[in-house]
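A single chain comes next, written as structure tokens; it is the form predicted alone.
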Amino acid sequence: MHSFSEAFAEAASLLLSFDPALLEIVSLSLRVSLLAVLIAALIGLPLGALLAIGRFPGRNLLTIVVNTAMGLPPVVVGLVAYLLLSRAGALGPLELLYTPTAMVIAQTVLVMPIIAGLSRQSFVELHSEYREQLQLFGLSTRAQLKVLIWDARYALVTALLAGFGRATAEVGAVLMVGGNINHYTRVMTTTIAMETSKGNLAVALGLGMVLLLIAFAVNALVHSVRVRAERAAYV
């Protein structure tokens, strides 16, 4: 086992030399997380809007379910996804277990409620503020939704970034359904856990640095979006 200073120096060397193995892992991690966020957004944003301005039986119950799902334990999601994707599961014939697709599915399930819940809150606040004006102009539900989406665009971007941050940090669910297979389903978080247990701190630290940089970039983007939203509010 290396000392921390030696491991840190080696990790920095791996990053600066653009080590192919690390780049492969980082690339797969980003592809899986971005695809999961995209799918989650396609489901979560309309669902958030529906819960905010729609009126239908079971709306309150569905809202509670979405809010509860925002805090789903990753291992529970991983277990359910594993059971569904295993040979004996409902989706077993698709043979998706231990593939990147299975990891995308698990991350989508984790991220979608976050995007739906945050977007719903934004839509609720704006709809409450603009309800009288929207009714005065006699806009249809679809037209109202277009107005709300435009005015909530900064908040919606923040919701998507929050979902992406959640996806990139996930380890439990993707490990259960992905299997951490070298050159196939090995992502940053699962590799960090594995390499740390093996005592290979250089690789673990290198990927940890990448994760920190991604987290910093996401938070910087969130801050930038909030600043833009505050400036737009005063225009």
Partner chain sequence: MYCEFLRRVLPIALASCVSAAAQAGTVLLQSTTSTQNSGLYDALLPQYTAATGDRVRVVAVGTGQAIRNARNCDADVLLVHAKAAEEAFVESGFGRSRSDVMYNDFVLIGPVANPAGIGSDMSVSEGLRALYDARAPFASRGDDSGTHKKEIALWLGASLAPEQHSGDWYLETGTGMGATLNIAVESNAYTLTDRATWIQFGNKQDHEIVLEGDESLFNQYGVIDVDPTHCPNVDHASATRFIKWLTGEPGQAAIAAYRVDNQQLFFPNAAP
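Positions refer to the first chain, counted from 1. Please read these numbers as outputs of a predicted model, since none were measured by experiment.
Heads up, the form predicted in complex with the partner chain isn't pictured, but that's what we're talking about next.
Checklist line | Partner-contacting position among Met209, Val171, Met70, Leu35 - heavy atom within 4.5 Å of the partner chain in the predicted complex | finding: The residue in contact is Leu35.
Check: Any idea which of 157-165, 111-119, 70-78, 91-99 reaches within 4.5 Å of the partner chain in the predicted complex, heavy atoms considered?
Finding: Result for this chain: 91-99.
Notebook entry, point to check: Heavy atom to heavy atom, is Arg59 within 4.5 Å of the partner chain in the predicted complex?
Noted result: Heavy-atom contact with the partner chain at 4.5 Å: absent for Arg59.
Item checked: Non-hydrogen atom contact Asn180 with the partner chain in the predicted complex at 4.5 angstroms -> Asn180 belongs to the contact set for the partner chain.
Next item on the list: Using a 4.5 Å heavy atom cut-off, state whether Pro46 contacts the partner chain in the predicted complex.
Entry: No, no contact at 4.5 Å.
Check: If you check in the predicted complex, is Arg142 within 4.5 Å of the partner chain, heavy atoms only?
Finding: Close contact is absent here: in the predicted complex, Arg142 is far from the partner chain, nothing within 4.5 Å, heavy atoms only.
Note to self: Using a 4.5 Å heavy atom cutoff, which residues in 186-216 contact the partner chain in the predicted complex? It's fine if the answer is none.
What the structure shows: The stretch 186-216, when checked against the partner chain in the predicted complex, contributes Arg186, Met194, Thr196, Ser197, Lys198, Gly199, Asn200, Leu201 at the 4.5 Å heavy-atom cut-off.
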